[in-house]
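So this first bit is one chain, no partners, the form predicted alone, shown in structure tokens.
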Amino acid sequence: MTSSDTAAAGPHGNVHHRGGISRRGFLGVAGAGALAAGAGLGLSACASGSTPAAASAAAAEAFAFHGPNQAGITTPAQDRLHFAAFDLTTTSRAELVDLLKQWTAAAARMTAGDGAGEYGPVGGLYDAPPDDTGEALGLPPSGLTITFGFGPSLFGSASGTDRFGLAARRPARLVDLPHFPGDALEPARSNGDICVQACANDPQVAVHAVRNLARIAFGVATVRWSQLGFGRTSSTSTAQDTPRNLMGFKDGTANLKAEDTAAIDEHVWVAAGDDPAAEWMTGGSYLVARRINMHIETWDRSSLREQEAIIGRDKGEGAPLSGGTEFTELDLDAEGSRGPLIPVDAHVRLAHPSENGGAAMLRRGYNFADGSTDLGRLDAGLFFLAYVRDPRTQYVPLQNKLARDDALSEYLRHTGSAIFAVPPGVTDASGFVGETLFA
């Protein structure tokens, strides 16, 4: 955002000058002391019990928007999420491309800690709407990443309508997810033409990002559904501790980590030659999103023994029931007096790569709690996000197995489902997200 002054005619013909100001610039005016203390910023890191110094570092952290891969995939998972799926209301390819260009410019600004538009919430013409909504004014970047993906419907409808001339460029790996056993999907929480994943260490920064992208999309696209998330349920870096899900267990102990670049290349990034009809996806990935409600009240009435047997790990340390500490490899052959120490229907056994042809995925899920249902139960659970190189082999077979055989499935209800092709990153300021698709 520029800091140059702009002139605008007031209601009586007088000239009003309003200077643009960036979020970072505002912080400089407010003083560094407020940032260090996190005063008035609502930093989630402070709320979660971290030290003021750690909270300040998390708030000041910024990730580059431009690069060969989109940020928000192997980026160390932030604490908060605002995810939104959009449906396009236009049938114009030119308007779609223009929207992606505007979104790219806004995302690059916001991830750097600036406003969504050139002038920001208090700049520009005084009698015109600001080009930023303003609720993040004064807040630091907070590690914001914005990641975009394209759903199957962007490439053609079920009836065969090709709105944007993209049908021939749909990747073979961008499959329509099947109806898995036990699914209770709500159409209003599923699918979408385009997705936006905004992750940050401050919920207001994440919400601000999606709100402004939705504002920019007015007349071209509308929000189909969205989901707020808190408390990441996986670690994507070896520097992060393993978090807990709403069942109280450590989640994502065996998740892929960004530092293991060989595994990331094997399981996450699309490589040249993977799909000759979709070379534009080289450097991208595929995102599976599933809204999974937990039967919290039923789970809470289960014994600790039963809970640990269902998961296959102890609840305190997170160690496998076959012994050791959290990161000890599972011993699936270990036997006890009652049979396998890790039960045959335990979640960790059925999800283990050795039981699935070596398939692995990079998870970036979040807890969610959306109030209570009409029955007075918590509307809460896991918003599952996973990045894979090929969902046909890495996700679909695994989910079919878990839905059919996993003891944990008794306590879960899948209410939302979507899949997206996440294109490669934008390498410089002259490009836009999805440029390779439209080249």
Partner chain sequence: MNVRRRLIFLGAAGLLTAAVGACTDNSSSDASASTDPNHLSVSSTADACDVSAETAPSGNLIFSVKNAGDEVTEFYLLGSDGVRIVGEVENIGPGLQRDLVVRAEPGEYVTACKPGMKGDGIRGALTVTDSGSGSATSDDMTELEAAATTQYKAYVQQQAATLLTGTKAFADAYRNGQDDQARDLYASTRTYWESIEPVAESFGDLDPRLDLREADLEEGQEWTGWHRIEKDLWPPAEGATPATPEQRQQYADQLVADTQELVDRINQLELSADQMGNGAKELLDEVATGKVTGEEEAWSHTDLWDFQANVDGARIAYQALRPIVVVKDPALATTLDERFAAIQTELDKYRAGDGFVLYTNLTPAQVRELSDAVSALGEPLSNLTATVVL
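Numbering follows the first chain given and starts at 1. Computed from a predicted model, the values in this text were never measured in an experiment.
Another form, the form predicted in complex with its partner chain, is not on view; read the next lines as being about it.
Asks: Hey, in the model of the complex, is residue 298 touching its partner chain, heavy atoms inside 4.5 Å?
Replies: Within the cut-off, so yes.
Asks: Can any non-hydrogen atom of residue 303 be found within 4.5 angstroms of its partner chain in the model of the complex?
Replies: It does: once its partner chain is placed as it appears in the model of the complex, residue 303 has a heavy atom within 4.5 Å of it.
Asks: In the model of the complex, is there a heavy atom of its partner chain that lies within 4.5 Å of any heavy atom of residue 159, even though the partner is absent here?
Replies: Output for residue 159 is no: heavy atoms all beyond 4.5 Å of its partner chain.
Asks: Test of understanding: in the model of the complex, would residue 180 fall inside 4.5 Å of its partner chain by heavy atoms?
Replies: Although its partner chain is absent here, residue 180 would touch it in the model of the complex, with heavy atoms inside 4.5 Å.
Asks: Only one of 220, 332, 309, 166 comes within 4.5 Å of its partner chain in the model of the complex by heavy atoms, so just point that one out.
Replies: Exactly one residue meets the criterion: 309.
Asks: Between the options 268, 321, 106, 195, which residue brings a heavy atom to within 4.5 Å of its partner chain in the model of the complex?
Replies: Result of the distance check: 321.
Asks: From the candidate stretches 95-103, 312-320, 257-265, 274-282, select the single one in contact with its partner chain in the model of the complex, where contact means a heavy atom within 4.5 Å.
Replies: Stretch with heavy atoms near the partner: 312-320.
Asks: Using a 4.5 Å cut-off on heavy atoms, which residues of 376-408 contact its partner chain in the model of the complex?
Replies: Result: 376, 377, 400, 403, 404, 405, 406.
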